[in-house]
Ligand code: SUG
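A single chain, nothing else alongside it, follows as structure tokens in the form predicted on its own.
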């Protein structure tokens, strides 16, 4: 039975814009108010996904959510037609409209936490949609994310679904962006590493920016997924990394199989963490690639998103490959480090630089744009929907995006009812292409 890691990339939404909503995300704040290009963004994302396909990877997609989120406006007391509500909300509070129109669902690393079946007691793959409680615009996502995942991975003998954690910011859960899995191979028993920013009931006085993931949330997910004894680790992210703009651990660390690639300031005691991971892995030898601050200052790591890369085992290549944003090549320290890394003959042998600049300006690199799911042949055959890319689906999605998406979008355009109509028409057609059914509120 063959196993593989499938990357499900988030499709950039029609309302992609730069409203600067994410406190603690340096890039989001820096580019606030810029004019965005949603069409370019979605095509860049599809090109990234198709590049992974060209390397022999199995690649899927996750759809954007319905934005503006009209249910949220109704919950805030707005009434009347869709256009009336949008107009009234913009007049009353443009910031609210910006929040309910966010296209942040494109960063599917935050969509959910997944525990593959080799790691769970009941032998099923478990999914928990992230509550994303730290940021209002993202806290709206969980219900629709849950519907989509349940269509794609039907509940039953192979897949199990859990409700998002309740408890507000005390149980803040940011999904797979703070979760790593180590294994000899994708179908082998693995070790889950959960990284948190703070304790739910602790006073994190050492944080300038919020610690979005709490320890209690991470432990609750591990318990509900029924992970095997001795195969879970919980560690706090270095406050210095959070304060530098690493709002999720995947901004300073990335893993694949038995390789952990991370900045030395990602964790407070990296030596102890290395020992703990190796002990949990037993006879499987780990390879730790630790990047020192004298070679890549933490600020450069955050600016370039060196670690918000994808680390993959491409079937067509010997050794692992880093899928990097072009910003890494444009930053002298990170480009020099990657050149040295590839030449060293270690486990990481290749570096591919891809343009995902529309996403990067909002603080989302290649790793933010994908949700990883380890699947067997039988698991993939049991999936619902039409979400695994092939040549025909890639071309269909390109044509769909060119048909529906604007090539210019400013924040004030979010008040335009025509944008709302265009967005809903695009998503209605997309659910038919991906065979998802009526997953959006406006379809119900």
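Since we're looking at a predicted model, the values are computed, not measured. Numbering follows the first chain given and starts at 1.
Only in words, not in the display: the form predicted together with the named molecule, which the text now covers.
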Identify, from the list 19, 436, 420, 11, the residue with a heavy atom within 4.5 Å of the named molecule in the predicted bound form. 19
If you check 179, 257, 138, 263 against the named molecule in the predicted bound form, which one has a heavy atom within 4.5 Å? 138
Check whether residue 368 has any heavy atom within 4.5 Å of a heavy atom of the named molecule in the predicted bound form, and answer yes or no. yes
Residue-level contact is defined here as any heavy atom of the residue lying within 4.5 Å of the named molecule in the predicted bound form; does residue 113 satisfy this criterion? no
Using heavy atoms and a 4.5 Å limit, would one call residue 25 a contact residue for the named molecule in the predicted bound form? yes
Does the named molecule get within 4.5 angstroms of any non-hydrogen atom of residue 302 in the predicted bound form? no
Which of 150 to 158, 322 to 330, 85 to 93, 102 to 110 lies within 4.5 Å of the named molecule in the predicted bound form, heavy atoms considered? The stretch 102 to 110
So which residues in 349 to 363, when you check the named molecule in the predicted bound form, have a heavy atom no farther than 4.5 Å from it? 362, 363
